[in-house]
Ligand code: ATP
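The chain below stands alone and is given in structure tokens; this is the form predicted on its own.
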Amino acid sequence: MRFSQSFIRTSKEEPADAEIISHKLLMRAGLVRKLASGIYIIMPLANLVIKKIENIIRSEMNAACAQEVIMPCILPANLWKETGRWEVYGSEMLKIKDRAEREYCFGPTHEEVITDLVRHEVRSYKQLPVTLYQIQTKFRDEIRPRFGLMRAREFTMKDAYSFDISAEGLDINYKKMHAAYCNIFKRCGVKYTVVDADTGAIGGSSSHEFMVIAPSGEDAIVYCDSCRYSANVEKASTQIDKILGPEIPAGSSAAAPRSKIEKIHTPNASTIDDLAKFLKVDKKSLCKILFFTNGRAENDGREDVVALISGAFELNEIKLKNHLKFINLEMIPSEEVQKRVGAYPGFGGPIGINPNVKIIADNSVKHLSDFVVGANEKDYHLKNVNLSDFSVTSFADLVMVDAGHPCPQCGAKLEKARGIEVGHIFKLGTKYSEALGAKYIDEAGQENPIIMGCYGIGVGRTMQAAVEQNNDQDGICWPMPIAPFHVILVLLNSSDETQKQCAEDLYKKMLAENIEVLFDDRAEKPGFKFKDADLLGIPIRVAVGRYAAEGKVEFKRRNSKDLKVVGVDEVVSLVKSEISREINGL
């Protein structure tokens, strides 16, 4: 492509509404343009990148025996009502009506649709297993769209779904998709890690996220350098006994109060830090309480709960929400806590609260004895409290794991990093097949629910994650496999006939060799062209300038400061060798 005939518009100015480097560079390089909040136009250069990522995805999906379909973007409400997700999916779902007042949504995900398809097409175990996928537009009405394509409202996703007759079959397909995803991100030239993850609104028994490590990532992950354990903090666990000591067995003498409960005056000590400082004790000996609700109205099934956790830890609300099986989890407003729970905010405790309110305790509380809790009275706490002094509805792992906590597998100290989720795979089990009646008849003639898996990749997000991971002060540094062009051929002086002829000849030779080349033939100054070349991030730059009269050109890699002067007759083979080495070496 000739630059002079292209629709490429670069900018020196950073966009005012872009917060992270990848968003800024995509805008400055003219790859995307914002149409509305969270809605972007994919410009020609970005479209070339997107298509390459999609082709890599298709190649690996097809190799894993998945078959491509295209499902509608507009989905009927009745399917979502069958699974119960129409009312509970949340405000991210964009609901619409047609002229006959029939309800639809703009698909945020396609579990219902693909399951409906399979329930009408599959009857016998002989038709399974099967894996279907699509590359499709999704819409989620994010409350706070940001970071460009990282958290957009409209985006392109590859979503695949496997259908099996057994858990063992699902395991096989899950491993296939895991391997395919590893190949996809490796071939895209991005550095990634795989972490244990929360299943979220999709559901299922287990899941793994594929994360591109980047300081600007929205997700926090912890990992162990000793045993390679890694997990999203929403799912991560730790060894509590290495921090608090061994668990105190229920019913043992150690579990009974060692000292009489004592009410103590703790003026203005309404936080764990203030209380530990006031009492001159370690936070491990304190127990904090938090107040939550499922967010419903009092006459619509409202459920209030309190959560207890050792003062040594922070509470993980995602874990609590999943344990309670709440669709929504909200903090009870402090001004309503006393009336609804019977506790005093800042000085709350589990003793003497409303008996109808569930007490959910983190497992860390099992490791405490003679601990301190709020007295439910302003400026007072109780000390020498034990589990036998109140009733716990249930225990769960509610800890927000952080750097320095012991690895749950080997005990070494965990590290923490930020990551960008680019892929997510789930074991769905029978969640959707049972709700929608997707069944198969086995060899014995019995009906059984089909066992499902779900596998997603954010296509635009993968493109932007590659930019976030591959850039410098001058612009983008595209990985060769997904670069919009592999070479930018720069004519430095368009009025010099020798240079012009040399560049034209080289351009034709590269096209003849099927080299993806952008020919910068514009009548601009060399410095201007070089800045654009660096901003656009094309991996190889060949400049035709003062050496043209000697039959030579300049060769430079985008990610290197080294510049070589090579013969015109050599440069095409050198370019082909570099491209092949980098793409085939992945």
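Just so it is clear, the model here is predicted, and its values are computed rather than measured. For every residue, the number given is its place in the sequence shown, counted from 1.
Beyond the structure shown, there is the form predicted together with this ligand, which is absent from this document and is the topic of what follows.
Using a 4.5 Å cut-off to this ligand in the model of the complex, each of 421, 426 and 461 places a heavy atom inside that distance. By the criterion of a heavy atom within 4.5 Å, residue 142 is counted among the residues contacting this ligand in the model of the complex. For residue 217, no non-hydrogen atom is located within 4.5 Å of this ligand in the model of the complex, even though that partner is not displayed. A residue is said to contact a partner when one of its heavy atoms sits within 4.5 Å of a partner heavy atom; residue 398 fails this definition for this ligand in the model of the complex, lying far away. Of the heavy atoms in residue 191, none are within 4.5 Å of this ligand in the model of the complex. In terms of contact with this ligand in the model of the complex, the residue from 149, 375, 451, 309 that brings a heavy atom within 4.5 Å is 149. Though this ligand is absent from this view, in the model of the complex it lies within 4.5 Å of a heavy atom of just one residue from 457, 476, 487, 385, which is 457. Only one listed stretch (239-247, 343-351, 490-498, 153-161) carries heavy atoms within 4.5 Å of this ligand in the model of the complex, and that stretch is 153-161.
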